[in-house]
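Here's a solo chain for you in structure tokens, the form predicted alone.
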């Protein structure tokens, strides 16, 4: 076992989109950071992400989350540009707005009601989504099918490449003089004087602060540092088509076109534990629905598919919490790793650097599941 000196201000356990965004954000503030990552063999949601930077429909049951999501979308252009300045890697981020398409009048009315409920959630800034009829949608997306009756256009929505984002964050951590360590599955977390030591497959690492950003692994790590982190898995499947000439000017909630021209089609919500298997019945449902939205998809070949496991709390909203028994320990848990990357790097990381979450973050504490928060 290699014993490494205390070379970091902060250790981040988990090198997916959540941990890497926090790690880069801390390094950007001048901290020395070591990100400990199990590697690509981990149950990594990041590589299965659909790639939306999405605001509309987020936070109907928790307005703090709606505002947090909007804050992240607002900061994404600056975040993406700063990351590119550090690394030369573009995240492929674009913000043309996004469309939630509806295939029935009932679905359209539900979407309209959501827009009405969320209208004032951001105060004077507004919600940023508007209901469109079929003609208005067709003017913006000429390829829609006859079953589309309307939709909701969100001007704050956009999309990016999850893989380029993850690559950029890892490179950015190194560019800022910090360290990303792959193959470092964590075996033990212990107090070490005024800080913490973490025993991994690559050796023992030490730092004054500790951030748990290991996805579902946080449920096991939490009790070691005085945190209860209840999480549940939910599978989502995605199809990828061959490349075609650009036809989608903006992402929709279930179909988007990448910079390279391929079409990503999703998504499903399956209670299948930690399975990541692609299954024919679900893939068929996804493809059939997508073809109703855009009939030209019927002519394309599917070249790839995958399943990934979302990281969800009992109510589906993020858990951000610092330990009351272990000073300097924080946990970061969410399923919107792309959307929230900007906020994690540029808004949350400064709080962790300062050693204290903002008071309003109590709304995101796991104590809400025990009736201990407002």
Partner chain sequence: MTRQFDVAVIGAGPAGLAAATEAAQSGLSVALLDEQQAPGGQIYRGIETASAARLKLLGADYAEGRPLVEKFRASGAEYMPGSLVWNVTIDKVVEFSRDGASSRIRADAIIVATGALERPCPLPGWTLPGVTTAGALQILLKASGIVQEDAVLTGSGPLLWLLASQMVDAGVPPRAIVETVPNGRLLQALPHLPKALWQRSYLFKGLSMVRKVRRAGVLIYRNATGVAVEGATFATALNFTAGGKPHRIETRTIALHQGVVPNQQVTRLLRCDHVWDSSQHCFRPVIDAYGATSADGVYVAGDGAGIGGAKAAAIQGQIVAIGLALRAGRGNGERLAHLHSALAKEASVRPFLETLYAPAPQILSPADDTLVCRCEEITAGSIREAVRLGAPGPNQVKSFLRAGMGPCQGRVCGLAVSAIIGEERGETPDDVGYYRIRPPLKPLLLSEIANFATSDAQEHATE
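Positions refer to the first chain, counted from 1. Source: prediction; values computed, not measured.
Although not depicted, the form predicted together with its partner chain is the subject of the following passage.
Enquirer: Run the contact test on 140, 253 and 332 with a 4.5 Å heavy atom cut-off to its partner chain in the model of the complex and return yes or no.
Expert: The answer is no; none of 140, 253 and 332 reaches its partner chain.
Enquirer: Please pick, from 322, 57, 305, 313, the one residue with any non-hydrogen atom lying within 4.5 angstroms of its partner chain in the model of the complex.
Expert: If I apply the 4.5 Å criterion carefully, the residue I get is 305.
Enquirer: Of the residues 297, 149, 115, 121, which one places a heavy atom within 4.5 Å of its partner chain in the model of the complex?
Expert: Exactly one residue meets the criterion: 297.
Enquirer: Taking 4.5 angstroms as the heavy atom distance cut-off, pick the stretch from 127-135, 72-80, 236-244, 97-105 that is near its partner chain in the model of the complex.
Expert: Looking at the partner contacts, the answer comes out as 236-244.
Enquirer: Just to confirm, residue 176 within 4.5 Å of its partner chain in the model of the complex by heavy atoms?
Expert: Residue-level check for residue 176: no, no contact with its partner chain.
Enquirer: Does residue 276 make contact with its partner chain in the model of the complex, using a 4.5 Å heavy atom cut-off?
Expert: Close contact exists here: in the model of the complex, residue 276 approaches its partner chain to within 4.5 Å, heavy atoms only.
Enquirer: Considering only heavy atoms, tell me if residue 262 and its partner chain come within 4.5 Å of each other in the model of the complex.
Expert: So residue 262 counts as contacting its partner chain.
Enquirer: Test of understanding: in the model of the complex, would residue 171 fall inside 4.5 Å of its partner chain by heavy atoms?
Expert: Residue 171: contacts its partner chain in the model of the complex.
Enquirer: For the stretch 255-290, which residues lie within 4.5 Å of its partner chain in the model of the complex by non-hydrogen atom distance?
Expert: Residues within 4.5 Å: 260, 262, 265, 276, 277, 278, 280, 281, 283, 284, 285, 287, 288.
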